[in-house]
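So here's one chain in two forms, each on its own in structure tokens, numbered structure 1 and structure 2.
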Structure 1
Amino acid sequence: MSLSKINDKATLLGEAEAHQAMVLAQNGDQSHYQKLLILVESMARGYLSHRLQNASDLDDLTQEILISVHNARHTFDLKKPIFPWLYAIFNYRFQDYLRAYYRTRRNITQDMNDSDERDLATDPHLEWEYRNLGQKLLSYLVPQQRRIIEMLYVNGNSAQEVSTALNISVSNVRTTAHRAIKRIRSKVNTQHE
């Protein structure tokens, strides 16, 4: 079944239907897998909306959860209910997010007498520092990821333009960009530790 024919607005599933969708998904049924992921996305948003204020963090974490469910799908025991399995992943990712959040922010202190008034446009040294930092972050990526991140965020191309230039799908561009950012974040976090 072609993915383009699949109805994006799949009706939300209950526990039994979600379980059935997972059973079918494990047997390679793409349409049911898509329905399941749409349900997971909606559940994750519901779960996180009570806990997170920042909309961008909520989007990021929802994507993280979707990737986690995708990566862990082989560990689901078909004889067990699916919702506890899903909520265990939600909890795990949320706690992981909190850990990273407090680790990166707890050491940030602002000295009131030490305001940094340097301007990127007028300070060549600062511009040089930023350029170096950008190069360093890009060096963490594999060539394809680096190319996509450069086109999207340095050259300011749209996902559609990148997709045409590299001859890959738009969704592939977005997934690669998401993984690249995740990779950079994890490298930076590792260095902070």
Structure 2
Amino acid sequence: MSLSKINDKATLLGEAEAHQAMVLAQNGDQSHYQKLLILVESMARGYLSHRLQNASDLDDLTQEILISVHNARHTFDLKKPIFPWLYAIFNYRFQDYLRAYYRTRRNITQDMNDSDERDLATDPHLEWEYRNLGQKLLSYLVPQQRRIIEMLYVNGNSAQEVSTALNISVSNVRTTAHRAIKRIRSKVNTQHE
């Protein structure tokens, strides 16, 4: 038996297993729903691992995919194969990530090109403005989010260091930071509209 036939057989078995787990999950079987989410997480990581270089982005996007599958599970047609449905969600979330990523990069580049050539170190007024802006952005956050953002991005701690200091998981640190950044973006975008 050739390697491609073995892979095809494994894929068919995986799809059959995922489909069965979805059928049972839609009928209220929590253990099969957990099994489905574990399988989806593994598939999503495989899908994203060669597309993303940043481990934090990979974790965040995998979580967003899991949330999307959870929120859209009622839309799955049990008569159809599950893998195309899942990969459509993976692709949609990845495209959404790319749009946000390039929009942010474009805005940062534009801001850098539009800004004064003055150096922060030689202009105390400009330094004061940036510090105030930073404080204003942090004021949009709840205390736990603010603490994590300050530790990660102001103090330069790693997610592991923040995790240890606050006695929470690394995953929780990353999730909270991701949500905090989304909250700041949302507040800034609504103010500019």
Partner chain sequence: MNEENEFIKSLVEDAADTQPTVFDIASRSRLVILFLTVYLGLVIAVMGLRSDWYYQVTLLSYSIEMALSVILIFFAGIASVRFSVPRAIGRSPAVVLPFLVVVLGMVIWQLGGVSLNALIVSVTTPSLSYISFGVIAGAIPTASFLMWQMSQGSPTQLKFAGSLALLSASACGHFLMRIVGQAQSFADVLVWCYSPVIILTMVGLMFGQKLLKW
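All values derive from a computational prediction rather than experimental measurement. Just so we're on the same page, residue numbers count up from 1 along structure 1's sequence. Superpose the two forms; the largest set of C-alphas matching within 1.5 Å is the rigid core.
- The form predicted alone appears here as structure 2; structure 1 is the other form of the chain.
- The Cα shift for Glu161 between structures 1 and 2, taken after rigid core superposition, is 2 angstroms or larger.
- Core-based alignment between structures 1 and 2 gives a C-alpha movement of 12.7 Å at Val170.
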